[in-house]
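Just one chain follows, in the form predicted alone, and it is written as structure tokens.
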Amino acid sequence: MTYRSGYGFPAEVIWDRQRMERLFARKWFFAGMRGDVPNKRDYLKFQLFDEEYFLIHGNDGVIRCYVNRCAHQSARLVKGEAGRCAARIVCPNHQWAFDPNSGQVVHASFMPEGFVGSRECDEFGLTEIPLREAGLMLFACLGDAAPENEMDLIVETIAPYMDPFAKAGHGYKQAYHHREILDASWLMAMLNNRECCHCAQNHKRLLSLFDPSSFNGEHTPDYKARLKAAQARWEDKGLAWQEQAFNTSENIRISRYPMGEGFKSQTFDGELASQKLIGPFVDGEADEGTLSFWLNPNAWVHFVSDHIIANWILPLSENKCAFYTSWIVHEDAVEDVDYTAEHMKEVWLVTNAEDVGLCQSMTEGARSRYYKPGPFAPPEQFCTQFADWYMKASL
């Protein structure tokens, strides 16, 4: 079946793993936040298709991405989802050790004298993949010829919105990290994320934080008034608010919008999730608004006055994916003093669990022999954008 813009993906596209692999070899994808690996030797592990990778904050302050495989006998180097390595990355099997800055072998148990530092030894360092930082966000690419000009545009587009957070004079750290494996197509999960027509029925608690107009563009007079007042407030604070709806870059949509009256954070009770404010709000009052990024091919990230919520999805196969969420706070925030993980993570654990069921249901329906792509409604315009972009980018 031929793909038509404005309609869902044909079945042969949904189940085409090679097409997915081509995309992730050509495009930069979201891989985490600097706050996920804030300190030297901190690591965060992720999986993409059949390979495991990990981000690591080097002893030189640079964050890199390595394949999670020892070059000796292929054992996994890091086990947990997140953690901290010793001064060297040490394989738990035979204790080969690698320099986190270069990936080079610095100790090789049982090998003859002179092996470490030899030309032969140099062949067995860690495999590094390209990684770039945009503000506080980390992007990776599986291809050797990662498109640098495209990443430069991502950095340029994000900068006016991100700079108040990235240059705030303080750092960030991970408060909580969650990983879940879904029996769902990554493509179906991304289409689910790119519209909120399903929200009124399926995300009633999430919508209690916002005016529904925030999501679907059906701007009521009341919402228009709240948005105008919020924009004036952001102007006074020197905060960029103009929407970027995949117009500057096909990879990014950015929107700043008000939350419900009295809501200081993305919590069900509207109260701050952390007493340590972040970015431009450190020396002022919490703002009743949120700054959101939707990133092709795989992420959506929300900034509020006291924390950051990063959600991203990576395909493991054509019908299975990994769903990651990190909650990031001020580096000085103390758990159970300034914040509690339960209060902070509740909104997105509940919302994401609701979406998991929908994504798995959509995937099951797409397996039907009766499946054919349906048309997107006007408020689902970002589904059309994602589908058009994917078809072009994965050729």
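Heads up: residue numbers just count along the shown sequence, starting at 1. Every value quoted in this text rests on a predicted model; they were computed, and no experiment measured them.
One more form of this protein should be noted, the form predicted together with another copy of the chain, which is absent from this view; the next part is about it.
*Asks:* Just one of 163 to 171, 72 to 80, 264 to 272, 250 to 258 has residues with a heavy atom within 4.5 Å of another copy of the chain in the predicted bound form, so point it out.
*Replies:* Within 4.5 Å of the partner lies stretch 72 to 80.
*Asks:* Please state whether all three residues F49, F124 and T127 have a non-hydrogen atom within 4.5 angstroms of another copy of the chain in the predicted bound form.
*Replies:* Judged in the predicted bound form, F49, F124 and T127 all sit within 4.5 Å of another copy of the chain.
*Asks:* Taking 4.5 angstroms as the cut-off for heavy atoms, does M362 touch another copy of the chain in the predicted bound form?
*Replies:* The answer is yes: M362 has a heavy atom within 4.5 Å of another copy of the chain.
*Asks:* Heavy atom to heavy atom, is E148 within 4.5 Å of another copy of the chain in the predicted bound form?
*Replies:* Although another copy of the chain is absent here, E148 would stay clear of it in the predicted bound form, with no heavy atoms inside 4.5 Å.
*Asks:* With a 4.5 Å heavy atom cut-off, would you call Y7 a contact of another copy of the chain in the predicted bound form?
*Replies:* Yes, contact at 4.5 Å.
*Asks:* Please determine whether Y371 contacts another copy of the chain in the predicted bound form, using a 4.5 Å cut-off between heavy atoms.
*Replies:* Judged by the heavy-atom cut-off of 4.5 Å, Y371 is in contact with another copy of the chain in the predicted bound form.
*Asks:* Can you pick the one in H198, H219, H178, H107 that has a heavy atom within 4.5 Å of another copy of the chain in the predicted bound form?
*Replies:* Only one listed residue qualifies here, and that residue is H198.
*Asks:* Could you work out which of K276, H94, R132, R88 is the residue within 4.5 angstroms of another copy of the chain in the predicted bound form, going by heavy atoms?
*Replies:* Among K276, H94, R132, R88, a heavy atom within 4.5 Å of another copy of the chain in the predicted bound form occurs only for H94.
*Asks:* Using the arrangement in the predicted bound form, list in sequence order the residues of 376 to 394 with any heavy atom within 4.5 angstroms of another copy of the chain.
*Replies:* The stretch 376 to 394, when checked against another copy of the chain in the predicted bound form, contributes F376, A377, P378, P379, E380 at the 4.5 Å heavy-atom cut-off.
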